[in-house]
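First comes one chain, alone, set out as structure tokens in the form predicted alone.
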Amino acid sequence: MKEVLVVYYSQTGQLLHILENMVSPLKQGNIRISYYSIVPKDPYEFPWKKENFFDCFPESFLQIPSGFHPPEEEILKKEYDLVILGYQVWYLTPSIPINSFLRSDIGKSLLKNRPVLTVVACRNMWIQAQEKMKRLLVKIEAKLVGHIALVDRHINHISVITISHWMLSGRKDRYLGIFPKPGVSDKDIREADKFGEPIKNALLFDDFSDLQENLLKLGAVHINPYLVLTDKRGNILFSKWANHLIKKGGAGEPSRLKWIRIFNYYLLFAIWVIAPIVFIVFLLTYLPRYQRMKEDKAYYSSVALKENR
């Protein structure tokens, strides 16, 4: 009997739905699947209040852990043949609950020396979040064997509007009746089961060496060179803002909230003004950067980790 553990944090239920569909083919084999939902000791509301959504930015980006409830004793006792780790991206970084889990003794005990498959469901920019994830897994001596990224397929600025509507209203519907539905498409969620077969085969044969290659053949990862560049630039700017804001006090303190509101306006400026400029620069440098973009695509589609990236 093979043992698989699915670890996840999902506010809306979208990620859990994806994971359940993904592992459904595994139930046909001699495989037992356990689930561990990470529950923060101070839960994050959904839908978000706008101020709270922005106020969690410094701790999220700086990867400052917080408390969460441990799994049941039965989960901790098992020896797992594969751990599937599902996560969201908050501010170009793995969400606080997932980050907290990976930095904990519980995370290390469950993942150390285990093959890990990461699954991200997000708006569009996940590249640098996955690089941070890779480093966290290396630190706890886990082995990354595969990665799947399901994203909102609509253009960047459309998805900004629709995801804001979803996060702040709690409704995954067509904003104003004219915008597309936010998040990962129903089709992509429904078809996530296609990844289950290569996962099952790797598990049953105890060989994960070709898993990522087989997942890529099914469209597990799509790399957009423009978003790679935007993600990198965003991380540089977010680093300056997060380190500034964290010095202004803890979450909810008036001295910090004043600056959080300024950050909110800056973020709008960055999305609607700076990002289009970055796109123009991307187009102007496309040919000189073509070879590097090919290398980036191959690297970011893989499970390798190179610190100079």
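One rule holds for the numbers: they count along the sequence shown, beginning at 1. Here the structure is a predicted model, which is why all the values come from computation and not from measurement.
Beyond the structure shown, there is the form predicted in complex with a small molecule, which is absent from this document and is the topic of what follows.
Engineer: Exactly one residue in 195, 80, 208, 166 has a non-hydrogen atom within 4.5 Å of the small molecule in the predicted complex; which is it?
Structural biologist: Result of the distance check: 166.
Engineer: Tell me, which of 48, 259, 279, 35 has a heavy atom within 4.5 angstroms of the small molecule in the predicted complex?
Structural biologist: Filtering the options by heavy-atom distance leaves 48.
Engineer: Where does the small molecule sit in the predicted complex: which of 115-123, 138-146, 211-219, 186-194, heavy atoms within 4.5 Å?
Structural biologist: Partner-contacting stretch among the options: 115-123.
Engineer: Is it the case that residue 110, even though its partner is missing from this view, gets within 4.5 Å of the small molecule in the predicted complex, heavy atoms only?
Structural biologist: Taking the distances in the predicted complex, the answer for residue 110 is no, it never comes within 4.5 Å of the small molecule.
Engineer: Against the small molecule in the predicted complex, would residue 300 count as a contact residue? Criterion: heavy atoms within 4.5 Å.
Structural biologist: Contact with the small molecule, no.
Engineer: Hey, in the predicted complex, is residue 22 touching the small molecule, heavy atoms inside 4.5 Å?
Structural biologist: No, residue 22 stays farther than 4.5 Å from the small molecule in the predicted complex.
Engineer: Should residue 53 be counted as a contact of the small molecule in the predicted complex, where contact means heavy atoms within 4.5 Å?
Structural biologist: Close contact exists here: in the predicted complex, residue 53 approaches the small molecule to within 4.5 Å, heavy atoms only.
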